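Take a look at the structure tokens below, where one protein chain is shown in two forms, each on its own, as structure 1 and structure 2.
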Structure 1
């Protein structure tokens, strides 16, 4: 029959294309896949998912199978002489196909309810408490136990249950690190919790996190990173974070070459004082844990950490190839440039920073003039791997551009455009000296200062 051959003609290539594309997709890795749980919550969900998928597939096969069978079996041949049987219904059949789905649903409903109660039970004592505060469009993380405030990056010791206490100061956000567990909304005037335990068998790793409730212009760029590390590493990190900001007599050089990562391309960092490249004066964790030039011994956290081997100030190594996915690749607008060849001096940068608008919004423990609480805490900004809530790598090149014109790099944010003669895309005006515009040299100094805050 005509319709039939056309069906094959069109369906077959379609299927082949789909299959081919699916294969092509298989070549990639899936760093945010929900199918590889790394916590007990994740595994509960995975268990439910597997069951849902199995039962769903069975229903799918039955329904579509029956449909296809009927389509082919009862096509009109054109030779029929009389009307088909005018059946109006069949009580038994109808009861059957009411009961079977009900029965199937039972197999979903029962574990569902059990897991709901299990995963929403009171969290076990001794869990690591982390307060998550959502802001448009970045994350504030506090460890009340250790009196640490940080932003956009969380360190978790593997094997220890973590209980996130979620709150928002503005609109609704949602907290989600797909490989670790489900999401939970972050709502003003309402405290939510979600807890899970990163598998203790895991080696240290980094996971992407996302804001999954639409929260305005830069919702897409409200990301975060979770570092699940060994307890000793965690303890070291905590010790480092607990210290007030320290900057030595460091100098950041932003030498020649085009400092601007151009639009559409990978950032051209060659020649820029980036990624520890040729900015030796800024001690950067160059792929390995950096012991840091610390003089003050931090008090170590107590929870079973083996501190002996690690000095304070551990940060997760950057640039490990297997964690490429955690490194942002967002291009910067092509019309944002930075004067090449500048060298920043941290001490000078501290001065500039402390008299510029920055201090109204940002806090740096150890810098008495910097106590703002509108933007992320910058006390240890140098130890973070990203900028702008996971939007850009935290390298001097990006940091300089960020300070110069953050609003161009991340639409709609509160942090104003600060570069002299830059166009503020929100206020739609050019920033001049009078409104606090910073020239590139000043910015380079600030970059040196901030980068040194490990």
Structure 2
């Protein structure tokens, strides 16, 4: 009976585990899987993994089979007490069991070294150059060819090789977009490189990126998005990013007003909006360009043939199914509140922003007061999909809470608490007017200004 009881104790958790594995095996989408590579680098790594798994499985089966055979073949029988004959030294046997592992390691080493040489080779001429700078805890991306600086989002044209130059501004980080290629460490005082070519057969898509080297308090919130787009879409995005920031485009107020966030949940709909002047029409967040934008033509990366023409300012459509799994779902602190029903004015928000502490850390091309280089470049922040390095959706509701008390939403960051009468978690004091505190109306105006920078 005791044996049956022990068997039941083992079977119960075993069945639960097997049921969970069966459910996981039935999943149809793997948004962050490395087993569905979409670049040559990803396929190199995938090939090496499959080859080593096959060889390892063969070795495992042979060794374990031999072990089981020996256990049963030479087990003690009856009352035998005679010791087996002792063997002292056997040159052929010793050479054999030395050569077998060496032979196995040869089959492992050859494909491994080949892949290392392929992935460490210099990138081909004509590759798109992107400088990646890791910060605690956000990503800075620079396109020196186009004189573009952005943060936490990368746009890549399919079919063109991209070379990432990796540096850190502080501690060690690690750069990884699982479905596109392998990861590389991002180190201060040392430059690493990684390159790959997004498959030209892909339709436009979005991929999650991560920091995979523990780098401090908000390491888990140091994410980014990679948008692989068609050459015409990339050229349109570049043309829009090259323009200086222009505020004034109307940002519609969301229905229902700003409600206090549900404890541990996401903000409800926001009334923070903007009223602006007659600025030129620009691309909306859903990626559909509006009339009035400059039209540019994209060319094929190899032939130079004109592919298509798109208005400047393309952004990846947020309403496509491909974007669904890239949406962040970080909860908002339950004690962070914002006055409901406020509507911001972009022109007024630019004035408040330009005289607040914001300009000491952030740069906005076209705003001569904003030339900081400590925090992310905000030139076209209104066109980005997330806030806080992929932690929150870039909507007026979240942006208002972020400006009010970013340190509550993302612990440990440099950005100070700006909300009037808010407790700064780092300084351990209440923010007042004398220390530059902003009331909710001023924050709403800044939100309107920043949201209009598309």
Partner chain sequence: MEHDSTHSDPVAVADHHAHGDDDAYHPGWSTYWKVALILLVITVVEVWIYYIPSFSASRAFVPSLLAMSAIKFGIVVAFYMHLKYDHKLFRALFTGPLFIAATTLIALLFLFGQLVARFGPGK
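Numbering follows the first chain given and starts at 1. Here, rigid core means the biggest group of C-alpha atoms that superpose within 1.5 Å across both forms. As the structure is a prediction and not an experimental result, all values here were calculated from the model.
Requested in this report: Mark the structure, either 1 or 2, that is the form predicted on its own.
Outcome: Form predicted on its own: structure 2.
Query raised in the report: Does residue 331 sit in the same rigid part as residue 186, given that the chain moves as two such parts between the two structures?
Result: Both in the same block.
Requested in this report: Tell me how far the smaller rigid part swings relative to the bigger one between the two structures, in degrees.
Outcome: Hinge rotation between the two structures: 11 degrees.
Query raised in the report: Once the rigid core is matched, what's the CA displacement of residue 105 between the two structures in angstrom?
Result: A shift of 2.7 Å at the C-alpha.
Query - Once the two forms are fitted on their core, CA shift of residue 69 between the two structures in Å - result: Reported C-alpha shift between the two structures: 6.2 Å at residue 69.
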